[in-house]
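The chain below stands alone and is given as C-alpha cells, in the form predicted alone.
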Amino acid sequence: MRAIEPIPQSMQAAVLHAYDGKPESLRVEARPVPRPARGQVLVKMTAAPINPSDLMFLKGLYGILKPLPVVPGWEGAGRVVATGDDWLSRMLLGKRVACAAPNQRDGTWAEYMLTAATRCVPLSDSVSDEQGAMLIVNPLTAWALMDITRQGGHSAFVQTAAASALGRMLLRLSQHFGIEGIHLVRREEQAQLLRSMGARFVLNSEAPDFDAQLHAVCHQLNATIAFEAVSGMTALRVLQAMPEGSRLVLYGALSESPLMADPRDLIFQRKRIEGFWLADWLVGRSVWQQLRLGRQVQRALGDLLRSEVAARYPLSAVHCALTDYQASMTAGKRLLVMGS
C-alpha cells in the first residue's frame, strides 16, 4: 500500500442493516477503514449525492443486493489517499476523483471508500468537489442516452420524468445537438420549468386528453425512441402513442411497479422494449475511452450537464437528507458532505 497521509483505523459511515426502507435500518456508526490491494484505491470522501437508485437500493429493489451490513451510496467525490501497488492506482494517488462504488462492497456514504481504480475519474481543476460528486450517475446516463439517440438516427425522442435532474440534462443535450424532445411531466409547475428552459413540447400526464396529445405529437415528430424512468402504466401509455417500429428504453422504475405493455404493440406494431443500465454501457469501453468520456462530460458540467444542489447535509443527518429529497426530488440534489 502507498499512502500520502496517515490512514485512521476507523471512520464514520451510514450503514444499512436491512433492505426494508425503514429509517431505523440505516444508522451512522463506526466502521473499519479498509486498506487497498492491487488495482484498488482508498478515497477520502468529500461529498456524495442521493439519487433515485440509492432509494431503490435501500429498499432492496435495485439490481444489486450487497451483503449486509453495508454502506450505501453509488457515487461521490474525494481524494485518493492510498493505493495498491500497480501503475493505474499509483497514477491516481493524491488526485481528486469522481468515484463509483464497487458492486459488492461499501459505497460512498462514508468518510472513506475502497473502490477499483477503474471506477474513478480524475477531476480537472475547473470542476468542484460537489459537481464531481454528481458526475457519474446522471451526467453519464444522459450522455449515453443522447448517444443512443444520435447513433440510432432518431430525429425525436420521448422522455418521462422530464423535470428530474437527468431529464433536464437530456433537454439541454437535445437542444445542443438539434434533436427534438417530447418531455412528459406530472405537474404544471414542472411543465412551466421546462418551458422556461426552451422546451417546445411539454405534456402533463395528468391532463384529460394526454394520450391523444402524446399520440399526435409522437407521430408529428416521428419520435421513434423513448427513455422511460417510471415503469408501470406510464410505459404502456408511451409505447402505445409512438409510431410503428418504435423503441422504448427503460432506465428507471420510479413507480416501483412492473412494466406494462400491450402485446399487440410488440407483435403487430413491431415495437420493442429494452433496459438500460449505465454499468453495462460503460463495460463496452476501454479504460482510455472511459477517461476520454470523463473529460468530455466534465467540460459540460457547468452547462449542458449541470446539476442543481438544493441542500447540503452532514453525514450524521443522512435521515434528514433522505426525507428532504423524497419530498421534492425536482428541487435539486441533496448532498452528503463529509467532515462538515
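Note that residue numbering begins at 1 and tracks the sequence as displayed. Since this is a predicted model, take the numbers as computed values, not measurements.
Not on display, but discussed next: the form predicted in complex with a further copy of the same chain.
Chemist: Which residue among 104, 257, 155, 128 has a heavy atom within 4.5 angstroms of a further copy of the same chain in the model of the complex?
Modeler: Exactly one residue meets the criterion: 257.
Chemist: Pick from 302, 32, 60, 39: which residue has any heavy atom within 4.5 angstroms of a further copy of the same chain in the model of the complex?
Modeler: By the 4.5 Å criterion, the partner-contacting residue is 60.
Chemist: Among 198 to 206, 119 to 127, 249 to 257, 215 to 223, which stretch has residues with heavy atoms no more than 4.5 Å from a further copy of the same chain in the model of the complex?
Modeler: Looking at the partner contacts, the answer comes out as 249 to 257.
Chemist: My question is simply whether residue 27 lines the interface with a further copy of the same chain in the model of the complex - judged by any non-hydrogen atom within 4.5 Å.
Modeler: No, residue 27 sits far enough from a further copy of the same chain in the model of the complex that none of its heavy atoms falls within 4.5 Å.
Chemist: Just checking whether residue 178 would be counted as a contact of a further copy of the same chain in the model of the complex - the rule being heavy atoms within 4.5 angstroms.
Modeler: Residue 178: no contact with a further copy of the same chain in the model of the complex.
Chemist: Does the 4.5 Å heavy atom contact test between residue 282 and a further copy of the same chain in the model of the complex come out positive?
Modeler: No, no contact at 4.5 Å.
Chemist: Given that a further copy of the same chain is not shown alongside this chain, does residue 272 nevertheless sit within 4.5 Å of it in the model of the complex, heavy atom to heavy atom?
Modeler: Yes, contact at 4.5 Å.
Chemist: Can you name the residues of 1 to 36 that have a heavy atom within 4.5 Å of a further copy of the same chain in the model of the complex?
Modeler: Contacting residues: none.
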